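First, one chain by itself: the form predicted alone, in structure tokens.
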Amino acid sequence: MSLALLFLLFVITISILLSKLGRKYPFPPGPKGLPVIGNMGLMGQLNHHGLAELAKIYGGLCYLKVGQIHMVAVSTAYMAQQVLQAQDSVFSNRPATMAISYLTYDRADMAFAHYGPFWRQMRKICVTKVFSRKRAESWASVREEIYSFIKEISTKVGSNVNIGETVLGLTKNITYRAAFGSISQEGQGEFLKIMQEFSKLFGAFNVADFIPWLGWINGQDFNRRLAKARGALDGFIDKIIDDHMVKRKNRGIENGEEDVEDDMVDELLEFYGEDGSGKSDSITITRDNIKALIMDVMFGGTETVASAIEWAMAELMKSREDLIRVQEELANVVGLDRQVNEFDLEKLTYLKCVIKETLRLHPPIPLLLHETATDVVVDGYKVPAKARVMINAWAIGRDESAWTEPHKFKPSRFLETNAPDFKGSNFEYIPFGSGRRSCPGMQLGLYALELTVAHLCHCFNWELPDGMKSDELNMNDVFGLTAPRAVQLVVIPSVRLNCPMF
């Protein structure tokens, strides 16, 4: 009888497994496409706003097909948890267009590398060396650039200041100096032009990415632009790497030690070895890795931080009572007889709430891109391998089922007990992503963001120009790598401190 019972259990188990294997799961709901091109006609709507509207019709998991590419949009906290936590390993790859693959030296960076041993190596370098909180606070360049930025604004008291332009200049200066050190400042203009061309090529529509046999439509001009852009980056950064290597060698001879400057290139050269024989016993990277990682830092640390600073100031200008509350907190904690320093930040509770609320409404990158490593089933729906998965952090942060008054700027919500945090475990609030592919530069970005907004609110009072009222501010955004303001914020500063600022 026991043998018969075991046999019966065996048959039942096999039947269940075969049933599951044979079951055909449907794709998630979504708009119907046309033959061959699929939903290519909706390309202009595949941004955070358009996908949020599709979610209202089709739900938090929406399927589209553009040419040969399967796409899935995730727009609710529940679906984000299914993707980023329950099956994180399957969704840990990154999609990359042909242009991105070429310009990142075949994914030699961290941002676009597929999940695996190489990516883990790149992330370890970034987390322990490039982006560590200890290192971020030690960067004199961050504080010096913010002080220079405040000094520049102090010369424009009583006149219009374009916050969008000035903060973008600030973040570019910070990341450039942090990456290359003071020895290469004269090349900043050239490098920014290279970055601008990379940005255009990253975002360029290439039909070959979706329908490979139509690749001829883009022609040779596109390929020539790619080759020219990467050649320009090669020439620029190769010279900087060579300069750093000579400097390290000379400084080591003079001082009897190898440690020299504290910039990113120096940090990355600790692991450098073209022939596979780097200094580190366990990690070795090439020149291509260094170039690609630096591009990650420049793209990830300029527009994202600048956009967040500008949005924070815009929201405070629109909600004057919150600006007053932040300034009162600064007066109580810091006083009006000195400027803010980084040691004050931990005591500025309401300022931190303002930053959190800004990131909820305006996440640095509104669409977090992932790619499936294998076929997978999510909430009863099939998502095929190599599908492009778009996590709509912007829509999730405004989800009515997760937030009270989701479209209202309300920093005090983060004073409540058990308020969500952005470390990645609260899926209704993921401005920096979650899981394996969460942003490794979060602490550095927050440091620059909090310190800059604190200085702006503490050093100056602000008014809108031409008698504009707060409710007249244009709060629309435009879609790109980030979602910056459609109309840059222009305001008029007046001195607030009782002491000389410089």
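Throughout, we count residues from 1 along the sequence that is shown. Because the structure is predicted, anything quoted here is derived from the model rather than measured.
One more form of this protein, predicted together with a small molecule, exists but is not displayed; see below.
S.K.: Considering the small molecule in the predicted complex, find the one stretch among 33-41, 458-466, 437-445, 51-59 with heavy atoms no farther than 4.5 Å from it.
M.R.: Stretch 437-445 is the one.
S.K.: Is there a heavy atom of Leu449 lying 4.5 Å or less from a heavy atom of the small molecule in the predicted complex?
M.R.: Yes, Leu449 sits close enough to the small molecule in the predicted complex that at least one of its heavy atoms falls within 4.5 Å.
S.K.: Is Leu269 close to the small molecule in the predicted complex, meaning a heavy atom pair under 4.5 Å apart or at it?
M.R.: Outside the cut-off, so no.
S.K.: Against the small molecule in the predicted complex, would His370 count as a contact residue? Criterion: heavy atoms within 4.5 Å.
M.R.: Flag for His370 set to yes.
S.K.: Classify Thr304 as contacting or not contacting the small molecule in the predicted complex by the rule of any non-hydrogen atom within 4.5 angstroms, answering yes or no.
M.R.: Output for Thr304 is yes: heavy atoms within 4.5 Å of the small molecule.
S.K.: Do heavy atoms from each of Tyr78, Lys408 and Tyr429 fall within 4.5 Å of the small molecule in the predicted complex?
M.R.: Not a single listed residue reaches the small molecule in the predicted complex, so no.
S.K.: Of these, Tyr105, Phe210, Tyr381, Trp119, which has a heavy atom no more than 4.5 Å from the small molecule in the predicted complex?
M.R.: Of Tyr105, Phe210, Tyr381, Trp119, the residue with a heavy atom within 4.5 Å of the small molecule in the predicted complex is Trp119.
S.K.: Let me know the one among Phe198, Trp403, Tyr350, Phe131 whose heavy atoms come within 4.5 Å of the small molecule in the predicted complex, would you?
M.R.: None of the others qualify; the residue that does is Phe131.
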